[in-house]
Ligand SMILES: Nc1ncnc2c1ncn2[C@@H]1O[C@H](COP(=O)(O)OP(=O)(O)OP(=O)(O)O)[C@@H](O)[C@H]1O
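One chain comes next, on its own, written out as structure tokens in the form predicted on its own.
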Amino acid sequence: MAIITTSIALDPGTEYTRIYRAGKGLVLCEPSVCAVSLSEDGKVLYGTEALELLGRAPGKMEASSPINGGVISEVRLTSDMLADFVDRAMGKSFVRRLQVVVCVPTNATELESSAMEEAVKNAGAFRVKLLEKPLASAIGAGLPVDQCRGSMICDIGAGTADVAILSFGGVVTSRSVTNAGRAMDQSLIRLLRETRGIIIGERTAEKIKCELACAGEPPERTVTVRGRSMSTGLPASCEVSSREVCLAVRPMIQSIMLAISETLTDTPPELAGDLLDSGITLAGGVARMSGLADRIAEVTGLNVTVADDPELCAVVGAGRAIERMTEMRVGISGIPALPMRASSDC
């Protein structure tokens, strides 16, 4: 069998893992969930199959998310999950050498970055490059990051909200907070537990957030929520209003707004002037929240736009970056290099 060198981009998110193959585009999008059998057979499920068991797993199976806040909580399980995803995306018909660009949060420590690099190498990569997620998202959103002018990206995903000012292919100043989509889900779980005495799971909380959460003045709406009563232990249901949901997620929105304000405060004056023209671009799944763009525009006084397919900006941007690397390696001139943190043996 021929050994083929293949380039892919990997966005290992808290909620979903996405893979982009150079020259092919997006080839995989799977939930970042594992379900491990506690019995002797040691069976493990990944992605959609495991997600179905989250909160519903039988006594002999344990479902969990091995990536939290954009960083790895368990290297071996993450390595196996990524290896499974790569096999699905690439197929097992040939022996391949993988070079991978991986999106990481701006606040990832050296230890967290090393853990991610190790997990990706264990999944089959022979070369790994780490790319800061805001830069990847900006490329995917079509911002002119290689020009000597200021651009601002706010990537709000499940695990982190990454805010950055970019210029000449690099991050000038940035902030990263963990009060993002998953924190909103946990706040909704606490709300129902404390005010209704009903326990709900993460998937139910996420559904409520997507249906009712709003960054501005919410329209009057209610949904029926089903869970388990804390007092009786029996199945129970209740009504929850859009106003309650918005109050529950407000602290996370305020935390994101503070990160945006602090990033703007640290921006050099010349780049700050550029933002009057370019404004702020929102990426990540939470960017779709009703009223969020308008709220940020009201506070900052800048134009705010939501990128096309905001959930895919990071992986598409990382894919375009690795395509540029590949093109440069075979001698195509005129395409600027993008700064990346290289692994120790590259």
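Being a predicted model, the structure only gives us computed values, none of them experimental. In case it trips you up, residue 1 is the first one in the sequence shown, and so on.
Although not depicted, the form predicted in complex with the ligand is the subject of the following passage.
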Answer with one of V223, I199, C210, V172: the residue that has a non-hydrogen atom within 4.5 Å of the ligand in the predicted complex. C210
Which one, V304, L28, L45, M289, lies within 4.5 Å of the ligand in the predicted complex by heavy atoms? M289
Does at least one non-hydrogen atom of P66 fall within 4.5 angstroms of the ligand in the predicted complex? no
Is there any non-hydrogen atom of A158 lying within 4.5 Å of the ligand in the predicted complex? yes
When the contact criterion is heavy atoms within 4.5 Å, does G140 count as touching the ligand in the predicted complex? no
Taking the ligand as it sits in the predicted complex, is G319 in contact with it (heavy atom to heavy atom, 4.5 Å or less)? no
Using a 4.5 Å heavy atom cut-off, which of 119-127, 163-171, 268-276, 69-77 contacts the ligand in the predicted complex? 69-77
